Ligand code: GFB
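Next comes just one chain, in structure tokens: the form predicted alone.
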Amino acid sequence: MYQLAGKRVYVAGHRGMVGSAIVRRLAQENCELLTSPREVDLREQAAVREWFAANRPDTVVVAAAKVGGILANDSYPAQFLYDNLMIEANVIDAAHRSGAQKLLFLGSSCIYPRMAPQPIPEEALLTGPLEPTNEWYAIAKIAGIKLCQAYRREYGCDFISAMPTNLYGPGDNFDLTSSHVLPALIRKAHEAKVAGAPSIEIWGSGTPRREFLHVDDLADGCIFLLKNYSGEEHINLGSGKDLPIIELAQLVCDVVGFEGQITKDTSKPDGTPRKLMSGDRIAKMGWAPRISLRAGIEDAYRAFLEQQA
């Protein structure tokens, strides 16, 4: 078991939804939290190496990434591939060079093939074609997993990877041009309620099924893996339950209090038909999420209202 107490822990991406949740969870671990200032651009190798040499963290969590939904991934393929490759390569290499004892790299469920078996086991990686609408982000994240494996094999680094499912919660991005489906639905339903609009629109057919995990559950799972896991294989982190997008939209409308209709723009892409990950491996280790989807959406809606205020 790896002890976090007394360690210097660096969270790359501490201002984002995932990073800030991990920072909140680390407050329970009696460790020293390290964060890099905004002027340290993680895409720039020299700046990252200089910061690591000066601060020498014992433990590193790579939560920094350029993220977004289908529209953003499809619109900015070069940025999603280049920025994420640079961030992960620079941080992972600098962690090795500065003598970090442990590193956790966070990927995404989009690393798996578009038509992967359901629920998706970790072994499905690289067994088929990716979903075209987010392959740039997926390829970058796959490279990060492989980089951690390579540094483990060549240098003996205790670098591990976790693959979260679709995340949501406080600190989420509610911009309709770049957000993921759940925060976009929260904003659409709220604005329609306030405006007295008769309906809201969702992209696609509403039939694709998605799994969701509250970001505070993710943070708890990350701390669990840092303490209890040391292996080359990446580990799935999810809720183990999925639902169709249309049912998600209905649940969001119920939480927000919007009573209008839900219409479908079938000219827009659906994305991957289903993306439910197998959580068997981490469940056997003794970890499970605690926040229900409805309670999590209520929490995310409160956060949205606070952000608007």
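Since we're looking at a predicted model, the values are computed, not measured. Sequential numbering from 1, following the sequence displayed.
The following text describes the form predicted in complex with the named molecule, which does not appear among the structures shown.
Listed residues S239, N90, Q149, N134 were compared with the named molecule in the predicted bound form; N134 is the one with a heavy atom within 4.5 Å. A184 is the sole member of L225, A192, C157, A184 with a non-hydrogen atom within 4.5 Å of the named molecule in the predicted bound form.
In the predicted bound form, I70 approaches the named molecule with a heavy atom inside 4.5 Å. In the predicted bound form, the named molecule stays beyond 4.5 Å of every heavy atom belonging to A219. A residue is said to contact a partner when one of its heavy atoms sits within 4.5 Å of a partner heavy atom; C110 meets this definition for the named molecule in the predicted bound form. In the predicted bound form, the named molecule sits within 4.5 Å of a heavy atom belonging to W203. No residue of the trio S161, S278 and G286 has any heavy atom within 4.5 Å of the named molecule in the predicted bound form.
Residues within 4.5 angstroms of the named molecule in the predicted bound form, judged by any non-hydrogen atom, belong to 174-182 and to none of the other stretches in 119-127, 95-103, 174-182, 228-236. Along 208-227, these residues reach a heavy atom to within 4.5 Å of the named molecule in the predicted bound form: P208, R210.
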